[in-house]
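Listed next as structure tokens is one chain, alone, in the form predicted alone.
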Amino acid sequence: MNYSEMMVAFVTLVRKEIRRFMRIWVQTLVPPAITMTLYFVIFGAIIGSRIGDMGGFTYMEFVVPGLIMMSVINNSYSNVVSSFFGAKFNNSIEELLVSPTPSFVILSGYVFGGVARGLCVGAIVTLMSTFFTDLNIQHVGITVLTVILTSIMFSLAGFINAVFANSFDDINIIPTFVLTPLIYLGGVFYSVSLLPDFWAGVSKINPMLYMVNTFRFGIIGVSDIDYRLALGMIVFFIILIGGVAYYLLETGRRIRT
């Protein structure tokens, strides 16, 4: 395929993915907004008023960036894992695999579909957060870069989950038993500086910590981790996970029947 043909294939895949989640927006975009609103009310307004300040900011101001990032991560991941596994389950992916479309174009199409949903939900949750606190973004470039890179990373992770899943139950195992615990232990609701030295060191193994703190640095200007190190870690994970995803797609492992 030449460049123009690859672009047509890529755009077609992305449009298909966007139409897929927009067609059922009541199921894909509304529930995350409602869930995050409950988090804002319970953790920010009710519990936050009892906790007081966190790092010189109100608890609501501190927790909002983490909650926005949590919604982006969950929705980027779930969009790709459900879409690709559905295509694999009904064997429609076979038509795409036997076409001359390069593997990296197929992978990019699914990933950017996940990024589109993650950013849509992130934008909705950000808008909802303005009803509870003032958002004065300190570093726009870092904020946008972090959310895009994180969305790409978890879209790739969702793709790998879909490849190895054998049933619809399997696509919920990683989000339930791996993704959710890592998010909650990634500094969304607390500062690592509050932890004892040992547990603070353990927390630094958690990749979520780098994403949440970099995004928080972009919005309110404070972070437990150097944002340059954190961005480097995110890029490293994207290269690592992206390489695995491309290998699985290129070789057809657990995809071709």
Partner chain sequence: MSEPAAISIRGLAKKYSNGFEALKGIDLEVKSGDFFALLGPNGAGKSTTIGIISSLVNKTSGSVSVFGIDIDRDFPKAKREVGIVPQEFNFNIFEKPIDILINQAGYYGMPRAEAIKNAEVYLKELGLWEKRHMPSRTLSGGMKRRLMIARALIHKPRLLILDEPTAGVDIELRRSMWKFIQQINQQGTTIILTTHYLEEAEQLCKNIAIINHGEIVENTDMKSLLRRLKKEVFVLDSINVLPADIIVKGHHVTRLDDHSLEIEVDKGQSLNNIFALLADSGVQIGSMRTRANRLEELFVELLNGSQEAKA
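Positions refer to the first chain, counted from 1. All values derive from a computational prediction rather than experimental measurement.
Note that the form predicted together with the partner chain isn't included here; everything after this is about it.
Proximity to the partner chain in the predicted complex holds for all of E5, A9 and E94, with the criterion being a heavy atom within 4.5 Å. Only one listed stretch (160-168, 137-145, 117-125, 96-104) carries heavy atoms within 4.5 Å of the partner chain in the predicted complex, and that stretch is 96-104. For A245, no non-hydrogen atom is located within 4.5 Å of the partner chain in the predicted complex, even though that partner is not displayed. N90 belongs to the set of residues with a heavy atom inside 4.5 Å of the partner chain in the predicted complex. Residues of 1-33 placing a heavy atom within 4.5 Å of the partner chain in the predicted complex, in sequence order: M1, E5, V8, A9, T12, L13, R15, K16, R19, R23.
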